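In structure tokens, one chain follows: the form predicted alone.
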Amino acid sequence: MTLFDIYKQSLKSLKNPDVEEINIRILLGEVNQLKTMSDFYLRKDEEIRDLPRFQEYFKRYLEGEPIQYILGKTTFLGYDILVDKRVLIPRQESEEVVVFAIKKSHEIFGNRKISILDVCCGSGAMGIALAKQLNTERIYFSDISKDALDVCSKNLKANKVSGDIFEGDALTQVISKNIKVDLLISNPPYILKSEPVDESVLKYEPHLALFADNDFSIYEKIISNLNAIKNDQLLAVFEIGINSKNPLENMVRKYHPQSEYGFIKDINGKERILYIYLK
């Protein structure tokens, strides 16, 4: 059967073909090693190389498994990132957080070498992107999940990034080793258990990396200890969720009343980023 034969046949199984059809092309592209979406149309009359493999992938997709987990990878700001059920799938919103961190770092540090820390790093996508795009002296990755750090380690090797990895809650290990950094980036668990979450996210993605305590204690563990890891200056950039601005602003005012800080909206107009600059 040709790729186009499989494509047309598979469309009949989709609930929303107009929106979902791209995922069929992605899966077919993986099986036949197509490099771009354009290749699908250029090579649509090519025979499928491994029909059973495609059928397995497509069955998992129809059952609701995210396509990134099916393929075991995703793309984050142009970098290939390995993912599986031990880590969250990096989102577009997180890309916006990294882009802001890069821009703000250039404003503060210019082009000098800086040390970076990715806290609650998961797959390591955010830290890897920063290491690739900033003049990095040293980069550290920290997470409470040993499984997540295993994925992170593989991503560092795959992206040829040299970094130190620590297992521990928030800044515990970093402080104990007396590490100082210029830039901290973090995407802690921030979804409240009362908030609606897509069924596929609940079913497949790790709850430890998703859900926050109602008091946002993970943020407080980090924010209250920023001075302990601060070099001469420190820029801390956090991804945040809805309903978190007020409690987080109170934390910043409590622990760093003299700091420069701000909340930045994402492309959808939602407050997505908190930054704190300590001089």
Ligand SMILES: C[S@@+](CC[C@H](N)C(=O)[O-])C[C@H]1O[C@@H](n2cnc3c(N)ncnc32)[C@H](O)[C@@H]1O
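This structure is a prediction, so every number in the text was calculated from the model and none was measured. The first residue of the shown sequence is 1; numbering continues from there.
Omitted here: the form predicted together with the ligand. The next part is about that form.
- Checking Arg43, Lys230, Arg60, Lys221 for any heavy atom within 4.5 Å of the ligand in the predicted bound form turns up a single hit: Lys221.
- Residue Ser145 is the only one of Ser115, Gln133, Gln173, Ser145 with a heavy atom lying within 4.5 Å of the ligand in the predicted bound form.
- Of the candidate stretches 101-109, 155-163, 175-183, 115-123, only 115-123 has residues with heavy atoms within 4.5 Å of the ligand in the predicted bound form.
- The closest heavy atom approach of Asp84 to the ligand in the predicted bound form falls outside 4.5 Å.
- Though the partner is left out of this view, Asp169 does reach within 4.5 Å of the ligand in the predicted bound form, counting heavy atoms only.
- Interface membership of Leu88, defined by any non-hydrogen atom within 4.5 Å of the ligand in the predicted bound form, is confirmed.
- Shown here without the ligand, the chain has no residue in 10-46 lying with a heavy atom within 4.5 Å of that partner in the predicted bound form.
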